[in-house]
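So this first bit is one chain, no partners, the form predicted alone, shown in structure tokens.
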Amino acid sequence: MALAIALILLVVGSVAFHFLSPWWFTPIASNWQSMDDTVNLTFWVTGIVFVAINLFMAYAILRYRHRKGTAQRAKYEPENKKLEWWLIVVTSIGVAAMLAPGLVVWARFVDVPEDAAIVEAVGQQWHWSFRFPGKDGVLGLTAAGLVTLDNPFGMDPGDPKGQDDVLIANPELHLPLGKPVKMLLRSKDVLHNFTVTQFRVKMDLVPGMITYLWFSPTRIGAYEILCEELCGIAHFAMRGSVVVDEQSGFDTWLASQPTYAQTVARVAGDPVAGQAAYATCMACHGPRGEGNEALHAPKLAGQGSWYLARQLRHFKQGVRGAHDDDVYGKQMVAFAGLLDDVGINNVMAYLATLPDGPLPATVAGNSAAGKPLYVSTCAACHGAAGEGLWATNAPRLAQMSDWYLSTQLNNFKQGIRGSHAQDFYGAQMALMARILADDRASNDLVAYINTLGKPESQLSAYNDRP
């Protein structure tokens, strides 16, 4: 009797939870309503079967339960052709009802409209970037062996069709409202998955091949891109954004993005001009870029130029220094505003000429306890020797200002840094920093970083290219 009541309560509770639950699909923002219809049909078919089977079990338990004083026994019937035929027919109808609509939707999924725009999404640990064809409407050739700091998309410089390709080297993609889009999916390293929940379509990125999906955005707004294929330690932090605009807004955004030819034609920084521009920075960061803890100015010498340049641009754009509690970041906003893109490149060129000396440790911690934290959490992005990896957008840590590292870890944990919508890599660090349980763990981690020697010169030079 108790088991029968439990089964009935299970059915009632499950049905009530399904209809009353606040957790349901996000509002759809694409043309794929048929995906929702197929899932709903699956819920109805499996739900009816779930209710029928459990209620039948409850009925059988009640109807044929053991009664004292009776000789009633269960009848053993190993074969019942009539019952088997009924089960075959009913099960086949149920399976067909679930599979047939899915096959119809799949036929639409692989049949891309002829007028669909082409956009390439490139995945890597743990970053999204995008590429649009230029006026010729054709994407240029790429190759994994061509990927470098200066050519992160692996563009073939000998292919004229790629010269006008528009390169989006950050995880924010804009698309026009109501226009079909075919997303070509390419991975640089491991298996990834491109998912925007509101679009209802997803597809794996498989190394060595190009996969695709298509959709038409139907609602203006910003939607999060997720990687839904386990791709490494920071898989959960591999996020991006799709912004759906009116056509005019999309056209304006696309026109502001650089082409491959424009990125190649950028003039290298001038260290002589950079030395003059650095005079403003010298008062805080020191004449040799060694940093000054009293002024909360970190060491710059030896840091990757690609990272420093991005931080200066973030200060200029309000991505950093916007939080009310980021006192020192607010100071940097004003100074970064004194430099244009040419000035930033010049300063980076000059910083690359400064001697890279070690700094005394100022953070006390247990380096032995910090080692497993670094190896299991930080090394995948920042390198085993703390050398920094441009491919994972992770700056150098070894022999940099340890007090600054400690402060920034705390800022990430408290949301002072990494909370801006455009600070994609800061948001990743905010998620990773929360792995550290307390200040003691942070100090132990920084203490271990202090034990790391100067990165090898050739690797440092590679990372320091402006």
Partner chain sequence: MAYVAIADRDVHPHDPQTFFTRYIWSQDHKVIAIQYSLTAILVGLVALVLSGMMRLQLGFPNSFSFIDPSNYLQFVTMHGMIMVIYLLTALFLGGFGNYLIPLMVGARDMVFPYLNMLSYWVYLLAVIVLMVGFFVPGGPTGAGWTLYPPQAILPGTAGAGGGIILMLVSLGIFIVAFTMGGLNYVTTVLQARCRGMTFMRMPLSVWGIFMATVLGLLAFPALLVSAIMMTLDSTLGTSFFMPALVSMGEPLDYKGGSPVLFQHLFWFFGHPEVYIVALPAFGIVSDLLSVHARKNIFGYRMMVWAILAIGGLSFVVWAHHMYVSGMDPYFGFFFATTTLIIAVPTAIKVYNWVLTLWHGDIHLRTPMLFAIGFIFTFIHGGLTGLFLGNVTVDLPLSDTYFVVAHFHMVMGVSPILVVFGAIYHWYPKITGRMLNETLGKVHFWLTFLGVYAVYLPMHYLGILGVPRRYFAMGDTNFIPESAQSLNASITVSALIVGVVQVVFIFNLVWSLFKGPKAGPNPWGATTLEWQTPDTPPSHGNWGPHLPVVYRWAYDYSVPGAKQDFIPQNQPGDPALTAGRDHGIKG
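Positions refer to the first chain, counted from 1. Just so you know, these numbers come straight off a predicted model, no measurement behind them.
There is also a form predicted in complex with its partner chain; it is not shown, and the following applies to it.
Engineer: Does any heavy atom of K135 come within 4.5 Å of a heavy atom of its partner chain in the predicted complex?
Structural biologist: The answer is no: K135 has no heavy atom within 4.5 Å of its partner chain.
Engineer: Any of the heavy atoms of A276 lying within 4.5 Å of its partner chain in the predicted complex?
Structural biologist: Because no heavy atom of A276 falls inside 4.5 Å of its partner chain in the predicted complex, the answer is no.
Engineer: Just checking whether P207 would be counted as a contact of its partner chain in the predicted complex - the rule being heavy atoms within 4.5 angstroms.
Structural biologist: Close contact exists here: in the predicted complex, P207 approaches its partner chain to within 4.5 Å, heavy atoms only.
Engineer: Is Q247 close enough to its partner chain in the predicted complex to count, meaning some heavy atom within 4.5 Å?
Structural biologist: No, Q247 sits far enough from its partner chain in the predicted complex that none of its heavy atoms falls within 4.5 Å.
Engineer: Let me know the one among C231, M155, L175, A336 whose heavy atoms come within 4.5 Å of its partner chain in the predicted complex, would you?
Structural biologist: Partner contact (heavy atom, 4.5 Å) among the options: C231.
Engineer: Looking at K179, K161, R239, R313, which has any heavy atom no more than 4.5 Å from its partner chain in the predicted complex?
Structural biologist: That would be R239.
Engineer: Within 4.5 angstroms, counting heavy atoms, which one of the listed stretches 281-289, 337-345, 317-325, 120-128 is next to its partner chain in the predicted complex?
Structural biologist: Contact-bearing stretch, as computed: 120-128.
Engineer: Even though its partner chain is not shown here, does it sit in the predicted complex so that T252, V363 and Q414 each have a heavy atom within 4.5 Å?
Structural biologist: Answer is no for this spot.
Engineer: Which residues within 172-196 place at least one heavy atom within 4.5 Å of its partner chain in the predicted complex?
Structural biologist: Heavy-atom contacts within 4.5 Å come from K188, D189, V190, L191, N193.
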